[in-house]
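Consider the single chain below, provided in structure tokens and representing the form predicted on its own.
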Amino acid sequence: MSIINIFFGKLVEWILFPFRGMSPWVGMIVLSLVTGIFMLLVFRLTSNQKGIKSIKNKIKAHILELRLFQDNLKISLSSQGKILKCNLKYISCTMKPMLIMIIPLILILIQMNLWFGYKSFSPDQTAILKVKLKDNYNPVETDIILIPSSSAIIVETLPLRIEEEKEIDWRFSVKENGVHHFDLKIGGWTITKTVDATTSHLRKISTIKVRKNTLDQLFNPGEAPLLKDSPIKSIELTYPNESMNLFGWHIHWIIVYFALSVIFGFAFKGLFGVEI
């Protein structure tokens, strides 16, 4: 899993690297363009292009038949049945490329969430640090020390210990821009969690550090995992959510990504000779 995360992490980072100082829209457009072209190439290589073209022509013919004989109930019903049958055949022709594309797309989306899903902390903004312990640890009885890396981070509360959730929380604020970190000392372990308060327009932000586990690592690849023997299951920071600002209209990044990818896909299908 680490190899997969490294590969897709480096892939997205390499694509976005030249645009880190620009608006997130620039990076989003570039990634959507690359994805649109990738989907076209996969669709062309793995789908039955001749079959899709034939089915589409049949659907057009049946639609024309439906319009010409709309007053004839028998022919209209027959045409609708043929259109439905052709649509089912079309779906079966597109199923193979869709199944091939779905896995790399999910892995890319997971990586993109690190770049577009959250905002870095701004000065004087408060947030919560959440530490989840393993099931055999009681947060009320467990000794744990939180140490900020510098005076730029102010821990504002004593630890809140939630026994039912196996969780210990602190509220903190960031006073200066930059990359900071917390050190957590527990049971002979010292574990570090990064705190991002940079001013970069486009930056990779990891909200949570998880234990070494296949699924946990797959969906949270932003940082090196905690060792299995660690008493901590996860360390999470409550970063504010980010959105794409389109003339004052805030849209979730994943909607923008899919919309742009589809637009680019249809825009370039003729250039690549792909029948969709």
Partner chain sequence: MSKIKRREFLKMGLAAGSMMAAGSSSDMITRVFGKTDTPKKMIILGFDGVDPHLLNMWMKAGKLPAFQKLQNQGTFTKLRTSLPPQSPVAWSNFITGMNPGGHGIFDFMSRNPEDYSPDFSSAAITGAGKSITIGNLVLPLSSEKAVQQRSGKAFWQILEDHDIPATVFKMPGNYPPEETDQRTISGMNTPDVTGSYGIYNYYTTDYADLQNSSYAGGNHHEVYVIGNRVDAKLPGPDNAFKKGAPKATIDFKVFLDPVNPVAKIVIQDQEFILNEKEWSGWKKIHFNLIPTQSIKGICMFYLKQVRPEFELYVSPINVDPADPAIPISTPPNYSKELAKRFGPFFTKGLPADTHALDNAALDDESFLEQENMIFQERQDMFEYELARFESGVLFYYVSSTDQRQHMFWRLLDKSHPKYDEKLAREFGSTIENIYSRVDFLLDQAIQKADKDTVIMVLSDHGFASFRRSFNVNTWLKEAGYHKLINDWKQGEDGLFMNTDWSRTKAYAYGLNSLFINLKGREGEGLVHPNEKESLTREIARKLEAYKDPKTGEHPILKAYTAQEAYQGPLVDQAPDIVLGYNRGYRVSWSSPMGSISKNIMEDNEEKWSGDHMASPEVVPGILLMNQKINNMSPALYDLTPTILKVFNIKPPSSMIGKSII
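Positions refer to the first chain, counted from 1. All values reported here derive from a predicted model rather than from experimental measurement.
This next part talks about the form predicted together with its partner chain, which is not shown.
For the options K130, K166, R203, K82, the residue carrying a heavy atom within 4.5 angstroms of its partner chain in the model of the complex is K130.
When its partner chain is considered in the model of the complex, I4 lies well away from it, no heavy atom lying within 4.5 Å. In the model of the complex, its partner chain sits within 4.5 Å of a heavy atom of V140. With a 4.5 Å cutoff on heavy atoms, A224 does not count as touching its partner chain in the model of the complex; it lies far away. Although the partner is absent here, L246 lies within 4.5 Å of its partner chain in the model of the complex, judged by heavy atoms. Only one segment in the set 151-159, 108-116, 94-102, 70-78 has residues whose heavy atoms sit within 4.5 Å of its partner chain in the model of the complex; it is 151-159. For the three residues L11, M39 and N177, a heavy atom within 4.5 Å of its partner chain turns up in the model of the complex in no case.
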